[in-house]
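One chain follows as structure tokens, the form predicted on its own.
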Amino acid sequence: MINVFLTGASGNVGGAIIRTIQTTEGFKLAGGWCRETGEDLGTLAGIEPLGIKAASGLGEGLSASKPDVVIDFSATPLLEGNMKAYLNAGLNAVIGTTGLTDEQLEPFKKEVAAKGLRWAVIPNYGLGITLVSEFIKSARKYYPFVTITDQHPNEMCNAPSGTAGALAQAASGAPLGEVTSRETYPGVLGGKIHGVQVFSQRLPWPGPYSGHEITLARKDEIIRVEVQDYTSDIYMDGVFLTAGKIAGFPAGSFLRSLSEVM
């Protein structure tokens, strides 16, 4: 039995994780932390009470529940502090919160290696995005032009999304076609991540919607791939696959894509 501590228990993904744990063999909810301290985690997830209350603090919750793994879908401003707590507790972690750069993650990568822990810090646990990323890596050697658009509700705290950044990294493995247009208004050609043009749209889409469109082009041909996710349930396969396998990876592992798990 894998005992799970959940950080960000009251969010869209957090609620989906709580509900999924109840029907997934081999997993047990040991505790959780969110801003609704003292509330029953089952009630927060929209199911029957579980008798497990949201901890008053992250450190206290980790110490009291003694989990095998922590799953974090919290918020960008909290993430660095959360990760320090996981290091102090000596815990393996499955992290889906995004917004930190590779440079910000580098010290944590070194600490995980030094402590012999195993972390997955993956920007998107969806199977669709993972499969599309692998296609992009293969296709880019033939298609020099690429743009990425990411779509999220206007309450999304960071732009671009971590998924857009990961897609840009996947698309950066071959020389890029030259765009000679001059911007007459700053930013209209998008930002650049690993040299790849990325556009972020933030509009009042309902619920936890996210969309990512990748356009690949060469002379006389365009490929357009779109992944649209309408609920947080689509991440559950990837999250629980990772949580179930994380302890089996070599000590010091710091996984950055679901393809490494699959």
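Start at 1 with the first residue shown and count on from there. What you see is a predicted model; the values in this text were computed from it and never measured.
FYI, the form predicted in complex with a small molecule isn't displayed, but the following is about it.
Figure note: of the listed segments 96-104, 111-119, 138-146, 174-182, the one touching the small molecule in the model of the complex, with heavy atoms no more than 4.5 Å away, is 96-104. Only one of the listed residues (Ala159, Leu78, Leu189, Leu131) places a non-hydrogen atom within 4.5 angstroms of the small molecule in the model of the complex, and that residue is Leu78. For Pro123, a non-hydrogen atom is located within 4.5 Å of the small molecule in the model of the complex, even though that partner is not displayed. Although the partner is absent here, Lys66 is not a contact residue: none of its heavy atoms lies within 4.5 angstroms of the small molecule in the model of the complex.
A residue is said to contact a partner when one of its heavy atoms sits within 4.5 Å of a partner heavy atom; Ser10 meets this definition for the small molecule in the model of the complex. Taking the partner from elsewhere, Lys28 is found to have every heavy atom lying beyond 4.5 Å of the small molecule in the model of the complex.
Proximity to the small molecule in the model of the complex holds for none of Tyr86, Asp237 and Phe240, with the criterion being a heavy atom within 4.5 Å.
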